[in-house]
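So this first bit is one chain, no partners, the form predicted alone, shown in structure tokens.
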Amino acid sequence: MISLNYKYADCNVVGEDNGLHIQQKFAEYKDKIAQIITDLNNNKDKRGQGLQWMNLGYSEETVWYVKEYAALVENRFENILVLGIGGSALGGLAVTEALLKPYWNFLTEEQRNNFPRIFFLDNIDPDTMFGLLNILDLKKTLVNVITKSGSTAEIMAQFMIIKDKLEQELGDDYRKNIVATTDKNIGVLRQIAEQEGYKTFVVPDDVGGRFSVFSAVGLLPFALVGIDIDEVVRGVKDMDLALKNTDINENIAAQNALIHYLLDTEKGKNISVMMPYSTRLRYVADWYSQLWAESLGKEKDLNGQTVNVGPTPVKALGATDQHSQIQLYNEGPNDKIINFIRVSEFDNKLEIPKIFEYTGIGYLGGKSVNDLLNAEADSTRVSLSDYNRPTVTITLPKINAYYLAQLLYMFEVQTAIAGALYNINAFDQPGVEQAKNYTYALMGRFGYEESAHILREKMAAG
């Protein structure tokens, strides 16, 4: 299993003002944490609780349908193009970047074992969209459009452009190049898919986008490029079993949630830096940023009181950001907890040749890049502790589907537990909806005329 080392967040290492008496806090919060974990598991089957994501690892039907479709379209497409934003794309990006061979889209078909290239169009920047559509042969591209509501403006704008191009190039056969992942029963995309005859997959009810990576939202793109989704599901199941343990001393999600919560509320550490020491895991930090920010950043608590809570997530990459951010972390405001992600065993080992021995870099010869990266991580962690900066370290034995699924699911449960500690609803996003509604108004969506009038007045005044 993956592991958590929290000793560098303890006051014995980083001092009373910046660390916690962690074992003492575990004992103090033991009953509260046990109740939170019990409540999460008791409520996960109840509608309206936002907890159906806890059941995704057990959806054998979804896995079967995904594998069946992946087999059906095998060798038919050179490219997979995923249209999604936020939770519809970040999980897919995190997993494919971690598990596929580096520079996947630049490899030959043989090097990719005959699996297609994969692209995520996760923004509506016109230059990027234009550039991507210029290099993709849409006739050889399977387009996976993902939106639960079916009305997300960014995704549907992308889809309208690409659907039109597909139809121009393929005529009536264009439908075979589209697969939609959306609500089971309602929404604009569901309506369009049924009218036009697209193959569809379901975003389950009561699963928010940021918690959807283990639904068809993630599993379908993974299977299409050859990722072993059985191993993904196995990792989720094993971690779910481990995190059902109500003893905080045995539950790493509960431990990390409590440490983050207390460092924020008692020590002023309201910034959570996610810093993997693996380039393959860099998009895990992006995915975590949405999960943490959208779930925990809330104006009101469950009692309706104005609280304006929420730690701010920051993404970083080791060792790259040692040269861009660590100066701030060491000597700037002491308002952060840094999460390191370490990998025990990389897939490859690169030896540094014994050359230039007569110069100041000769000491590197005979060692490996693996040694250097691990030394960078160790030295950064100790350096931060010298400046009384708290850190935690999560270690994966290897980067594979099994351990990566454990990591992502652990973060999901950690977030749910943190939400309960803050006494907020971790599964809604009212602050996001406001901006969406304003966008609908500005773009002339029917029913938003009054909002458009008010918004234009505000914009003129501003």
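No experiment lies behind these values; they were computed from the predicted model shown. Numbers for residues come from their place in the sequence shown, where the first is 1.
Not on display, but discussed next: the form predicted together with a small molecule.
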Give a yes/no on whether K32 approaches the small molecule to within 4.5 Å in the model of the complex, heavy atoms considered. no
4.5 Å heavy atom contact, G87 to the small molecule in the model of the complex: yes
I'd like to know whether S149 contacts the small molecule in the model of the complex, with contact meaning heavy atoms within 4.5 angstroms. yes
Since only the chain is shown here, I'm wondering whether Q290 would be in contact with the small molecule in the model of the complex (any heavy atom pair within 4.5 Å). yes
Candidate site G209, Q429 and K436: all three near the small molecule in the model of the complex by heavy atom within 4.5 Å: yes
If contact means any heavy atom within 4.5 Å, which of 303 to 311, 382 to 390, 152 to 160, 137 to 145 contacts the small molecule in the model of the complex? 152 to 160
Exactly one of E294, D240, D264, D122 has a non-hydrogen atom within 4.5 Å of the small molecule in the model of the complex; which residue is it? E294
